[in-house]
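Below you'll find only one chain, the form predicted alone, shown as structure tokens.
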């Protein structure tokens, strides 16, 4: 079995990365409990050289050489087939300017569009998926601004292509190691409290998602 976790943040040791590490731990622990040998890999998108979809439409050309795949020769050329053929995928991204990171957005275009068939069934093999969002804004602000325009749209296309994703939204995260070095209007004490009291719960939920991804993947094989 193979499971991939996709990090859409450049901060490899901060909130998004920690959430993915916890999800990966959940996957690994559940695999060990079931005595299953599997590959679990975290992919940092900011280490790869690629762009978004170019709308060449080779992936849609009937009987074409690249039907259902992507011909662009960059760092996603060999990675995407691994993900399409995997047993489970967890994606995670910070929210920048009301959307997932640019790297994640470009990645989603390349991951989903080749398997997305206009007016027909998906070309992708069904698999358990999840999306973890990490953001600086509060739950209230997120629900007022993002729910329909961001989360639902992304998850609708993931569901159409693979399966309905588990969704974890992590709010009001601790953004700086030293707030005194940056211009801001945040209540640092409140942010610190959120980090100490809520973020551990978010990590636990990410862990649980990892566990559930394995359980669903095993069920898919039976």
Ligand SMILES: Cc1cc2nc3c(=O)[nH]c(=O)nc-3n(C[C@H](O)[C@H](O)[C@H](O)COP(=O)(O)O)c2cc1C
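Keep in mind that this is a model prediction, so the values were computed, not measured. Positions refer to the first chain, counted from 1.
The same protein also exists as the form predicted in complex with the ligand; that form is not shown, yet it is the one meant from here on.
*Tell me, which of 83, 95, 112, 76 has a heavy atom within 4.5 angstroms of the ligand in the predicted complex?*
By the 4.5 Å heavy-atom cutoff, the listed residue in contact is 95.
*asked:* Among the candidate stretches 124-132, 87-95, 104-112, 68-76, which one is within 4.5 Å of the ligand in the predicted complex when only heavy atoms are counted?
replied: In the other structure, the partner sits against 87-95.
*Three residues, 9, 16 and 136; all within 4.5 Å of the ligand in the predicted complex via heavy atoms?*
The answer is yes; 9, 16 and 136 each reach the ligand.
*Could you confirm whether residue 116 comes within 4.5 Å of the ligand in the predicted complex, counting heavy atoms only?*
Result no; residue 116 lies far from the ligand in the predicted complex.
*So in the predicted complex, does any heavy atom of residue 175 sit within 4.5 Å of the ligand?*
Residue-level check for residue 175: yes, a contact with the ligand.
*Out of 35-67, which residues reach within 4.5 Å of the ligand in the predicted complex, heavy atoms considered?*
Sequence-ordered list is empty.
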